[in-house]
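Below, in structure tokens: the form predicted alone, a single chain.
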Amino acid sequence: MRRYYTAYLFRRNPLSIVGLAIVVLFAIVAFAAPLLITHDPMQPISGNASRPPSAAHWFGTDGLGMDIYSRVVWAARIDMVVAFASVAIAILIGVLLGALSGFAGGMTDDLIMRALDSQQAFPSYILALAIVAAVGQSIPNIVFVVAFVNYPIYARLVRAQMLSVKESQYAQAARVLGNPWWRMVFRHLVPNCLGPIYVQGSLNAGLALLLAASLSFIGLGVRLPTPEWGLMVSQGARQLVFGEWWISVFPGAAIFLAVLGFNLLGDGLADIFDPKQR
């Protein structure tokens, strides 16, 4: 019954279905990229630099002669992995710290919260720039950096939920029955704190993708010839004044659609987990 009601709430917002469809589409493109590309995404084609869209090259070619359609499709693998993996790592770290902070209280809570305050005193983009410059440019490092700047959001959400649920009747019942603290936290309390996390995770996936693309745009993310949407936009930005719009427009459109999909999906999840809808 609950499953059907959840589906009903999700269908009440048609745009959330559109968001889910967009996210699923990009996930399928990322998974099936080797089957969808028409050219080697990292191999320049001699004599075909900066060609406009045509039957041979659907999205045209860039200044190095590489097929933009194949690069946009292949870049979905990198950008979607960064988005999903960084959010998953940030949620894991944030949930653990937030649950510990909210349940333990006292000095433990103060230490964790002050550490998060210190980190969040720096703008997330500036902090990401500094860490990438220190640890080096690679896809695993970008995933780590994006997760690191975002985990405090989840820690604070879980802590706020934990402060409420740990005094609930079912928490008191679990304590009276003799459950050890770790079982009570992870079996009874944390699952009831995850509603806002799902919503924030969907919204944050779009922001993670934007952050990764921004790092690549300024030269601190993925390096050539690896295809990445932000890097491709950067490559074409200088060519816009010469009328070569296709080099930036297609990867830029991919970023726009992916972020839009995550945001619309998050809006639908917000309806599902809103207590007022129950």
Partner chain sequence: MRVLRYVSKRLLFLGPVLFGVVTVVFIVARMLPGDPVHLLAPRDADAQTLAVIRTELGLDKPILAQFARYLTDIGRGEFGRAIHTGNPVLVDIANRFPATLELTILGLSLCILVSIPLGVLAAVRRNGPLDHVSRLTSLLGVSMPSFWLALLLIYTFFFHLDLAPPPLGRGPIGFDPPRVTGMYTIDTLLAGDLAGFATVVHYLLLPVISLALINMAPLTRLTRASMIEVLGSDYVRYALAAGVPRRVVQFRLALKNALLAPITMIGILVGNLLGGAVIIETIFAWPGLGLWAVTAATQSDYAPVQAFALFAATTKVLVYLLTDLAYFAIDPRIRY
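Positions refer to the first chain, counted from 1. Given the structure is predicted, the values throughout are model-derived calculations rather than measurements.
Only in words, not in the display: the form predicted in complex with the partner chain, which the text now covers.
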property	result
Interface membership of residue 227, the partner chain in the model of the complex, 4.5 Å heavy atom rule	no
Distance check, residue 260 to the partner chain in the model of the complex, heavy atom within 4.5 Å	yes
In the model of the complex, residue 107 touching the partner chain (heavy atom, 4.5 Å)	no
Proximity of residue 249 to the partner chain in the model of the complex, heavy atoms at 4.5 Å	yes
Region of this chain that lies against the partner chain in the model of the complex, out of 69 to 77, 116 to 124, 153 to 161, 187 to 195 [heavy atom, 4.5 Å]	116 to 124
Position in contact with the partner chain when the complex is considered in the model of the complex, options 56, 32, 45, 218, heavy atoms within 4.5 Å	218
Option touching the partner chain, based on a heavy atom within 4.5 Å in the model of the complex, out of 37, 27, 237, 49	237
Stretch 238 to 262: residues contacting the partner chain in the model of the complex, 4.5 Å heavy atom cut-off	240, 241, 242, 243, 245, 248, 249, 252, 253, 255, 256, 259, 260
